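The chain that follows stands alone, in the form predicted alone, written as structure tokens.
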Amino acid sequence: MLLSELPYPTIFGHRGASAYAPENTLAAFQLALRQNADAIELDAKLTSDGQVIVIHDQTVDRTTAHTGRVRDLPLSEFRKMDGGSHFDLAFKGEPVPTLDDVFQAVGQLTYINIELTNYASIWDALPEKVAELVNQHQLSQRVLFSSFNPVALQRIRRLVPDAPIGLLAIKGASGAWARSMLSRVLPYNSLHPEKSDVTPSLVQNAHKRGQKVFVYTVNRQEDMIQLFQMGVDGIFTDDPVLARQVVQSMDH
């Protein structure tokens, strides 16, 4: 089981080392590994022709020079896009990768949290397509699936039973049911709360249920220290360098 192999506490490079390189690109994922992140996190969606593309937003407007909804564009359009210049001209021409590209580049080198982000089309074939790639690359021991969408998690669990699933909880009151009740219906392996919702009792209750607690998105040193002192199992951060420094300073 992947979760027992992850170091404690686990540093996930959120969309890669996205403080230093354009998010959700091979450049960001490879940099996260050079910065000693224990794992990377990425966002998966479907193109109009059913390919799994790695991009966070529902549109391409923020991270490329193009416009349009991800699910309306075919892979051939993504292949023409520059996914790097929006971050820094040093990354001009950095492609928007497919999940297959990511698996080929770093699949055997790290652990990967795949967020199933089919929030605008919750019944689409994303879980099936992702499962197909994971099985094809024989990475079921190296991936963790997460989503705010419990339906996607239930479907992926049936398709890749070896891999753990993590429930993302919306920040604040609207995510309260996910942080407490939902585990009875959907027995997930890890809870992924927003940092401001984490309390010592939330961590203790999750641990009592046998779940890990991985917190998003933690970029400030004081938040990291506070969360690690509460006993969380890991954090998602844009800044693996800072997180590694904090972990090392707490070890001494």
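Predicted model only: the values in this text are computed from it and were never measured. For every residue, the number given is its place in the sequence shown, counted from 1.
Here the subject shifts to the form predicted together with a small molecule, a form of this protein not shown in this document.
Legend entry - Contact residue in the predicted complex, from T217, Q30, Q221, Q51 (heavy atom within 4.5 Å of the small molecule): Result of the distance check: T217.
Inset, instruction - Name the stretch: of 181-189, 63-71, 197-205, 36-44, exactly one has residues whose heavy atoms fall within 4.5 Å of the small molecule in the predicted complex. - result: Of the stretches listed, the one contacting the partner is 36-44.
Legend entry - Interface membership of F91, the small molecule in the predicted complex, 4.5 Å heavy atom rule: Taking the distances in the predicted complex, the answer for F91 is no, it never comes within 4.5 Å of the small molecule.
Inset, instruction - Give a yes or no for L126: in the predicted complex, does one of its heavy atoms lie within 4.5 Å of a heavy atom belonging to the small molecule? - result: Output for L126 is no: heavy atoms all beyond 4.5 Å of the small molecule.
Inset, instruction - Please check if L168 has a heavy atom lying within 4.5 Å of any heavy atom of the small molecule in the predicted complex. - result: Result yes; L168 sits at the interface with the small molecule in the predicted complex.
Legend entry - F148: touches the small molecule in the predicted complex, heavy atom cutoff 4.5 angstroms: So F148 counts as contacting the small molecule.
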